[in-house]
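Below sits a lone chain in structure tokens, taken as the form predicted alone.
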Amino acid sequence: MTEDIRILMCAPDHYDVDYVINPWMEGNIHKSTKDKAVEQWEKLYTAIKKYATVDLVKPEKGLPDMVFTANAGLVLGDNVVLSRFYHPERQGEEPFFKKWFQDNGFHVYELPQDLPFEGAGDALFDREGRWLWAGYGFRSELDSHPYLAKWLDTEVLSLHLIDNRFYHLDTCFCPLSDGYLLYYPEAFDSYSNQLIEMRVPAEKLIPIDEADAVNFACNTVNINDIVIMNNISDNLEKQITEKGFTVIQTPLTEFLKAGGAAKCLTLRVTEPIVEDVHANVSIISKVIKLEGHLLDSGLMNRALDLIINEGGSFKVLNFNLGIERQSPSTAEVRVSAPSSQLMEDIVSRLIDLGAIFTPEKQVDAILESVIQAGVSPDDFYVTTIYPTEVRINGSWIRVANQRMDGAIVVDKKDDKITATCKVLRDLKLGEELVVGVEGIRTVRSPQSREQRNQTQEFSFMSGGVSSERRVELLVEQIAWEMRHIRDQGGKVAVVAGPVVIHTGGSGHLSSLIRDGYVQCLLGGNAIAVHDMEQSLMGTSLGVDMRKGTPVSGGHRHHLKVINAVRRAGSITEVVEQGIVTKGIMYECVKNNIPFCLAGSIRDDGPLPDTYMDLIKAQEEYARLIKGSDMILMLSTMLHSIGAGNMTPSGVKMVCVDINPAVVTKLSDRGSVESVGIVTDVGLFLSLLVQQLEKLTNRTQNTEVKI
């Protein structure tokens, strides 16, 4: 027996699965066999007593989980941090464990009432005493970690748990003697796995697979070179044995029903203290401000969920609910993260939602100079589609040329301050860029409750992907918007792929251009080629458009078209020379509608008008899109995504594709003024033209009556 190692246990006199507070308890209510549970606990107790002194705390009736003493608290030396249980079902255990610690000479620290922390279930010392691994995400809050560092005078390394089956750190993570670590990597986020790999040499890591993980192989009692655990696979036993450990397996199936095994049933109350290890924790905290109709718009929930999902923690410092119908609400939230990089990621995304980072006093945006043309500083602020402002010299400046995935350049020349969104390739040596997250905010237009709640007959759809709503109803709304935009002198851009031609939509899109509903056309080489192939030869990709059957030699048709255009010199010339007399490209030329064709590596020819220089094509896309009120994206994923990234918030967007993944990808960009329609693009265009004709006839009939 090793006299200097003491472990606290609690007999399972009242153990049962009485409630559900973790996934393992599902379906196991009152299905634990008491005699078998006692037998399994006794075997574990006997095995541990051979290598350590075991203390017992009295079990209390009505507290079935008290048997899991790992959650009583966290002990180092004569100090213990008492647990604050997350679930009310276990909070009754706290006074009994507190009394045991006090009666046994420990100094008890107690966390704030509403700050969950579940003891050595979520906090495990490195067996050499060098630091404390602390888990958070399900039962313990990240904000408890600074208290652990301070009270126990130790370094705390925070690990984010992401799989609710492994709700406590000790269910998927077990530090072993001599610096080894037994763990299940998939239970953690990428940042936590990187941290683990930075602190533990590769040769000391023992990652396990899911089969052993769900048998709680990591929920292990380690005493020097002895590991006592539930049953594991032969392969894992071999790995552990090869590291110099002796494995003792003892079945604990009755306790697995409640989500626990060997480690959960024990609390080590003697931990090694290293004299030169002192308090240290890397947790960063910042305060953000939210303003608007926070509850009925769902902004508050989205912001708090984002913080948790991204590996952070929060505390709502102030919340003022609007007391009148139109009164906005305000909230101040302290955000915590285990590293500065994660904090910047979280705050950046909160800014995208409209949050404002608020330090103790307002500060300007941080600027750094470009020291290599086309390359930004590493921590530059990445822009979104939403209107953005930066604080310079105490004033908020609106960023011009807003777009996604750019950087913000600030120019202070001639006593005039400007801020402009630029893509990385356009950055010039010496320009000043916004870095970090201070002094940045996105601007959202507040909606009244009436606007949010009422359904207008022709108001544009809220964001989403439609595969079940009637396409006809959506087309009716889109047609009304297009008619309104045209009549007001607005601008509709169309991004189209060759599927428009293949599905018989060429004639419909041509009529939209001819009738003034389209102000610019964007696409690739293929849509122009196959449009003119249909105009000249009645085929698309060699398929007869009337019969739907391949034409002999039709696979050469598109090349003959390309050749004819190249001979003429351009698409404009092939139209002006009377070679092409109908179709989309014909209508663009005849109605002075600008177009841009962006090439790719697969293009045949290509057409003389096609931009094979990608950067120039992007610049021309951006130029043509500027000022658009609506963009129709018709069955071309890559060109649509490219156009979407260049488009600021506020532009109505319609993505039509037979593939749901395409329209979902476009709607995921975050604009609430966008809709995805899962349908055949030819059918969509046919319905759109029909609806516009109805609107025209209705208008004409009204004018006649007047």
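Treat the numbers as computed from the prediction; the structure is a model and nothing was measured. Start at 1 with the first residue shown and count on from there.
What comes next is about the form predicted together with a small molecule, which does not appear here.
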* Asked: Honest question, do D65, A70 and C264 all end up within 4.5 Å of the small molecule in the model of the complex by heavy atom distance?
  -> yes
* Answer range among 487 to 495, 145 to 153, 369 to 377, 254 to 262 for contact with the small molecule, defined in the model of the complex as heavy atoms within 4.5 Å -> 254 to 262
* To do: Look up in the model of the complex whether R90 has a non-hydrogen atom within 4.5 angstroms of the small molecule, and give yes or no.
  => yes
* **Residue contact check: D170 to the small molecule in the model of the complex, 4.5 Å heavy atom** => yes
* Considering only heavy atoms, tell me if V689 and the small molecule come within 4.5 Å of each other in the model of the complex. => no
* Going by a heavy atom distance of 4.5 Å, is M25 a contact of the small molecule in the model of the complex? -> yes
* Structure fact -> Only hit among G121, G312, G524, P175 for heavy atom within 4.5 Å of the small molecule in the model of the complex is G121
